Ligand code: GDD
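Before any questions on how it binds or moves, here is one chain, the form predicted on its own, in structure tokens.
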């Protein structure tokens, strides 16, 4: 892969944010170029073998999920965390059958679990991480909760890199590119605490019966503006370097995943920056992780070659995303009164309270025994299935991590 080299890097405490890099060629020829980084595919492939890709899904069209799963490179382990309906028409059963059939065809390692499985809640409780549970000891609704479940499973499998792919992508080929972009970013990283965030080259929409290739989304523009303003006021120099505040397509090293805390709802992606700024930014003297502060935290921002075409969720979805994102910035420890006043002006009539509410923050899972968590799931959770590479139907999985290829259960699926 040939990637444009970042011309500038912003240093914010222990956090290094690299300027956007364009994908110049997905498959490159290994030539020396002073303006670009050429990464051989065998190097990328080696990273993919240590990768888990998490696909959170909730009642998406089964054909979309099918395309996304088929596009993820074979060397990656795929973890599907579903919060789809199970009553009446059992959407989760369709998803599980899809995963099983794909494994039988391709022999790729795939895992699937349902977010509302009571035994999943019990396994989290037993592992000492009850931050995802409601008053009934069941995992709360929410994409962020599903993402954390996936990260814990990736950690249990010993994966070094964790990435995310949305289940509503209409262009499977773009998903494959996203994963390769992640791997290329990690090939450039100097720190074991690093993150790759993707900026879609275009986000097409239908306008006046024509396809219009829109460059920026409304929420992304606004979130980026206030994250950059927060940084600018602390350094004294204006910056616009940050362009991936709401990047749903992102990946991070497992070491960095252990360091972060997480926010619920649509705020999980912008909260990555706030968490890093508050804990590793300028003026911080007591670090949540001294090793990470010493090594430095690198953030790569890569502009994809493929556009991103996904389901339109409507105005309410846009409103909630904007509200959650700006609430996150508003409650940052580094946020000044000036930035808060600007956020209140931005929200205007959208705000139903005197000031933005504090989003629920879930702590780091660094101390969680992920191996125990996975073993508990494999033993008790009816919705959990791990389809291992090379396993044949009816065989017991050889790894102590795994359950059998297809668990039998008296419960209704």
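Keep in mind that this is a model prediction, so the values were computed, not measured. Numbering follows the first chain given and starts at 1.
Below, we refer to the form predicted in complex with the ligand, which is not included among the displayed structures.
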Thinking of the ligand in the predicted bound form, which stretch from 338 to 346, 282 to 290, 315 to 323, 103 to 111 has heavy atoms inside 4.5 Å of it? 315 to 323
In the predicted bound form, which of the listed residues (120, 260, 127, 81) lies with a heavy atom within 4.5 Å of the ligand? 81
Could you spot which one of 253, 222, 115, 174 gets a heavy atom to within 4.5 Å of the ligand in the predicted bound form? 115
Tell me, yes or no, whether residue 57 is in contact with the ligand in the predicted bound form, where a contact means a heavy atom of each within 4.5 Å. yes
Can you tell me if residue 143 lies within 4.5 angstroms of the ligand in the predicted bound form, counting non-hydrogen atoms only? yes
Given that the partner is absent here, does residue 307 sit within 4.5 Å of the ligand in the predicted bound form, heavy atoms only? no
Within 4.5 Å, heavy atoms only: does residue 269 come near the ligand in the predicted bound form? yes
Are there residues in 236 to 262 with a heavy atom within 4.5 Å of the ligand in the predicted bound form, and which are they, in order? 246, 248
